[in-house]
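Single chain ahead, by itself, as structure tokens, in the form predicted alone.
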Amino acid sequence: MILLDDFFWRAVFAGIGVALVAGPLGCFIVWRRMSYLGDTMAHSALLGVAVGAFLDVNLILGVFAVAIAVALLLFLFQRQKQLANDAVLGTLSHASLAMGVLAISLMSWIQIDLMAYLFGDILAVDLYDLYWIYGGGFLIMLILFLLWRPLLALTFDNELALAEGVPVFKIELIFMLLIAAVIALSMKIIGILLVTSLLIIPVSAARRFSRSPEQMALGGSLIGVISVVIGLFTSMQFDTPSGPSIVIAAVLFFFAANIFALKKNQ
């Protein structure tokens, strides 16, 4: 019988919960070529950790609050169109990461394991974290399900979506907030510097075998779940860091999918 009191199985369930949510959301990041946006939102998470620790609130709430602020700043700069998107993303990404490191270093009265947040510490997940992951994951999936068709329309034909009356600003803002929520839920599992990989790599591998958006979303979730399980068992067997082990497992699926697709097309 699998007991949640066992730290390893808590880690497995936590990773599975995040992977299930990351699949459908990651599809839109890949389709819209927004991986750099994901990195920017992820880097801001460290500043959120510092804010949460300083205010003595749940760190997930701190990360989500800072991510919302970054999302609003991105919208403000994008609407002004005075700077290129990559310049804005790069500036916010590095600025928030640097501010997070500086803030944590200045708070000498608080002990924060910086490496655990940068590269993940999934084996430290507790039952309280599981409640956040599955409760928040369910809410994210519900919102994404309700927005699936408008997001598809906006992703593949922006002008047609506008003509059909899709509220573009509102949909894009909600989408960015969903990314922020997933990053907040997953930072402890795979780390701030690696979290975007779980959103991008599994769905990129699934893309080679998918004939519809829904198949790609399901395939991405499945590959993400398998990558989590393989990565954790590898980490336990060879005493390697769990977050990077999960990423490497997903990367192997990505290369295998592309090699198989190339051979099939020959």
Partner chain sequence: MPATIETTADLSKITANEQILLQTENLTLLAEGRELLAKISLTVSAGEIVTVIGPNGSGKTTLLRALLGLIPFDSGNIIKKPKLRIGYLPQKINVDPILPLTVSRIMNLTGRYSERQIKNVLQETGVSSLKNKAAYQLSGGEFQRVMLARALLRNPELLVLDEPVQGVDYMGESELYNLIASLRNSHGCGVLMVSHDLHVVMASTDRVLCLNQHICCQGEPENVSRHPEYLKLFGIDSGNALAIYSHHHDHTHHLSGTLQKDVK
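Numbering follows the first chain given and starts at 1. Here the structure is a predicted model, which means the values were calculated and not measured.
Below: the form predicted together with the partner chain, not depicted.
Judged by heavy atoms and a 4.5 Å cut-off, are Leu162, Pro213 and Met216 together in contact with the partner chain in the predicted bound form?
Yes, all three are in contact.
Find out whether any non-hydrogen atom of Leu59 is located within 4.5 angstroms of the partner chain in the predicted bound form, and reply yes or no.
Leu59 lies outside the contact set for the partner chain.
Going by a heavy atom distance of 4.5 Å, is Asp157 a contact of the partner chain in the predicted bound form?
The answer is yes: Asp157 has a heavy atom within 4.5 Å of the partner chain.
Spell out, yes or no, whether the shortest heavy atom distance between Val30 and the partner chain in the predicted bound form is within 4.5 Å.
Judged by the heavy-atom cut-off of 4.5 Å, Val30 is in contact with the partner chain in the predicted bound form.
Does at least one non-hydrogen atom of Phe138 fall within 4.5 angstroms of the partner chain in the predicted bound form?
Looking in the predicted bound form, residue contacts with the partner chain do not include Phe138, since no heavy atom lies within 4.5 Å.
Among Leu74, Val166, Leu123, Ala116, which has any heavy atom within 4.5 Å of the partner chain in the predicted bound form?
Partner contact (heavy atom, 4.5 Å) among the options: Val166.
By the heavy atom within 4.5 Å rule, which residue out of Leu177, Leu147, Ala153, Ile104 makes contact with the partner chain in the predicted bound form?
Looking at the other structure, the residue within range turns out to be Ala153.
Can you tell me which of 218-226, 63-71, 35-43, 202-210 lies within 4.5 Å of the partner chain in the predicted bound form, counting heavy atoms only?
It is 202-210 that comes within 4.5 Å of the partner.
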